[in-house]
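In the form predicted alone, a lone chain appears below as structure tokens.
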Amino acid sequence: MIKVNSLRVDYEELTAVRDLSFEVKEGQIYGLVGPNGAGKTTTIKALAGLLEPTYGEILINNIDPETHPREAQKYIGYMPDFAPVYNNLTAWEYLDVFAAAYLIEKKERPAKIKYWIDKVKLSEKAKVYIRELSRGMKQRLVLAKTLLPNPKVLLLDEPASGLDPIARKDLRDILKEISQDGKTIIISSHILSELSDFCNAVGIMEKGKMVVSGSLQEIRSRIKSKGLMIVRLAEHNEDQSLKLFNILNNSTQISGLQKISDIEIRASFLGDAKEAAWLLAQLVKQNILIAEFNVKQDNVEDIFFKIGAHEVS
């Protein structure tokens, strides 16, 4: 759905983005992460057609937003980090103004506004003036505005910036829900913990360059990321404990076995989710009573620090 090749963006003598290449598949939630000043906002604006690249290629659903801006913009919903709002309008009036701007037929506007204002959980605030809304509610309102024309691609620049933990969770839940409708989402952030729960692909930027990009599983394999496996028996049983240890010890995906207690073993696990499920099935076949079987994979934050992308442009 999104393809970027050798993108470069210069601001006079400053190169904000250099030789950037990555792809985002349809339906992915792609986290664009990096320190402040890494080039995330510039990249988002270039994708939205708000900045003219110095050179390079951008394709949105195989359309170049530079040469065919109107066609590309039909697919794009863009939400900046501090979107302007009209404080003297109610939430409903604000959405109605933008529904008209998006050329939505007048008779269709009420239903579309109600659908999205319900979706972002602001129906009770529909008649409230925007100046009376909290920062989190304003962000949800701007998201509803962005979604009014039902774009296939969402470009969200630091949407959780300045929000409290509850508001950030609400925003994550909304994005998870709308992603299930097949929307492709790029969300930039320097708050890595907020991306780990719902991004299924990531691009890590540093000094305007892409350090690594791909699905989380692809990146874990590339950097030979080891998950932490925890296996706990339901009760202490010498025979079952020995069986458990032997099965784990014979697995090619496991290393560093540690017996934490009579009922708990921990190890490093190199496999994926399917291999973990297969291993659990073997334990069950041997009638080993498992109380806990858990593999903690590296999240976005873990990957970021392992790769070492720390420097600000």
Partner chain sequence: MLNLANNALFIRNWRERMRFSTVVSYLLILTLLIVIIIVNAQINYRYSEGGNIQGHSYPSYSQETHQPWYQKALIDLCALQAVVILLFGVFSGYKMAENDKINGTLDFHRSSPTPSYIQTIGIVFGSTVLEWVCFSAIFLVLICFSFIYKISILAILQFEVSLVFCAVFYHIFAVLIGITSNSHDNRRSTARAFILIYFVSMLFSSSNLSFLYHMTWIPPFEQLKLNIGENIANLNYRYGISSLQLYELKYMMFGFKVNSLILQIIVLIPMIALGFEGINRKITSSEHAIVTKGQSLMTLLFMLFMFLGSALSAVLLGIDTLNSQQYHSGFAGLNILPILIIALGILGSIIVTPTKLSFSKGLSKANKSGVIGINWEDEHSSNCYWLLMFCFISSVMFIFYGIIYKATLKETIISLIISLSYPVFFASIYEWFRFGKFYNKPIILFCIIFILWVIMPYLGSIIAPLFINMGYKNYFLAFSPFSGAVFAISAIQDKNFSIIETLPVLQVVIITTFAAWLLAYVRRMEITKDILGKKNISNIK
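These figures come from a predicted structure and were not determined experimentally. Residue numbers count along the first chain shown, from 1. Throughout, rigid core stands for the largest set of C-alpha atoms superposing within 1.5 Å between the two forms.
The same protein also has a form predicted together with the partner chain, omitted here; what follows describes it.
J.: Quick one: of L244, A48, I29, A267, which gets a non-hydrogen atom within 4.5 angstroms of the partner chain in the predicted bound form?
T.: When the partner chain is considered in the predicted bound form, the option within 4.5 Å is A48.
J.: Name the single residue among S134, N150, N88, Q217 that comes within 4.5 Å of the partner chain in the predicted bound form, judging by heavy atoms.
T.: In short, N88.
J.: So, in the predicted bound form, is F98 in contact with the partner chain at a 4.5 angstroms heavy atom limit?
T.: Because a heavy atom of F98 falls inside 4.5 Å of the partner chain in the predicted bound form, the answer is yes.
J.: Would you check, heavy atoms only and a 4.5 Å threshold, whether Q73 touches the partner chain in the predicted bound form?
T.: Q73: contacts the partner chain in the predicted bound form.
J.: Tell me, yes or no, whether Y11 is in contact with the partner chain in the predicted bound form, where a contact means a heavy atom of each within 4.5 Å.
T.: Heavy-atom contact with the partner chain at 4.5 Å: present for Y11.
J.: Could you confirm whether E292 comes within 4.5 Å of the partner chain in the predicted bound form, counting heavy atoms only?
T.: Because no heavy atom of E292 falls inside 4.5 Å of the partner chain in the predicted bound form, the answer is no.
J.: So which of 228-236, 139-147, 180-188, 114-122 is the stretch with heavy atoms within 4.5 Å of the partner chain in the predicted bound form?
T.: Within 4.5 Å of the partner lies stretch 139-147.
J.: Out of 13-43, which residues reach within 4.5 Å of the partner chain in the predicted bound form, heavy atoms considered?
T.: Those in contact are E13, R18, D19.
J.: Cα of V128 displaced 2 Å or more between the shown form and the other one, core superposed?
T.: Shift of 2 Å or more: yes.
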